[in-house]
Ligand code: ATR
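Below you'll find only one chain, the form predicted alone, shown as structure tokens.
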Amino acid sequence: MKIDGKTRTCGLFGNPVEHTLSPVIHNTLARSMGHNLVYVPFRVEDQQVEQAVSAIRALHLAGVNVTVPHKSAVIPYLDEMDELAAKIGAVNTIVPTGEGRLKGYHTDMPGLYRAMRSEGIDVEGESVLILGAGGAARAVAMLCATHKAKEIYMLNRSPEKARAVADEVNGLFGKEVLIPMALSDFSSLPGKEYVAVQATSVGLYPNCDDVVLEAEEFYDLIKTGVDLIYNPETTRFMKLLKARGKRTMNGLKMLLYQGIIAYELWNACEVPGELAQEVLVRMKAELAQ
């Protein structure tokens, strides 16, 4: 692509950022859609978050993604947030709105929802299990409640942490939408045929043989398993489900669609479905290297 004085710059704030796939997403989209835009990663230390957000204004950046560990740390330095980002308490996309103002969005969960729908997976009317009680698990609970899951259970090694998340989410919705449980109590779950979302980092490369729960009978309760991890392509959680003939999905399409939603916000455009598939192929090729 040609880079000149009219080239707009987008990027990623995080630490580390060296192995991010986001440049593959955004630079492929820019080339394919004819936008004069380039996307680069920026490593931002904890003590540099305020300076980094100020740099968006000073350098007239066209937009920024935010990844760990800064998704909450950037919030005090923004001018406004969309409703979902405010509820979740995390921002992964910053959009300049004019006159130096910056608005924070959360595109991870809409990205996950779009990814799941592309695979024919829905949560409306379904019984859902969420493994973990961290920030990602909390956001998944919000997603499932928003899209009218029948019931949502959060299983975590520390039931106290799951209870704290449940109290917060239930308070936001004004009713009990999330039920916390100790991971070891899974046998007391009232049914089968759950949609399960693995929302911890357990099993992430290079610890590919790790899994949150070893008990094989747990996997008999699940009809569809979604692992937010995308490296490795097939986690042990997914392998245990596949061995039982269950449907699985990893987190690569979530990464794809959260990026696409951010790109659409920055460029006031709509990315066509066939281009999304082209980007996904490029992401898989990059991972294979």
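These numbers were taken from a predicted model, which means no experiment stands behind them. The first residue of the shown sequence is 1; numbering continues from there.
The following text describes the form predicted in complex with this ligand, which does not appear among the structures shown.
For the candidate spot formed by T234, N250 and M283, no residue has a non-hydrogen atom within 4.5 angstroms of this ligand in the predicted complex. In the predicted complex, this ligand lies within 4.5 Å of some heavy atom of S158. Although the partner is absent here, S127 sits far enough away that none of its heavy atoms falls within 4.5 Å of this ligand in the predicted complex. Although the partner is absent here, V212 lies within 4.5 Å of this ligand in the predicted complex, judged by heavy atoms.
Contact check for L102: no non-hydrogen atom falls within 4.5 Å of this ligand in the predicted complex.
Screening 188-196, 135-143, 112-120, 87-95 for residues having heavy atoms within 4.5 Å of this ligand in the predicted complex returns a single hit, 135-143. With the partner removed from view, the residue among M81, L183, V74, V169 that has a non-hydrogen atom within 4.5 Å of this ligand in the predicted complex turns out to be L183.
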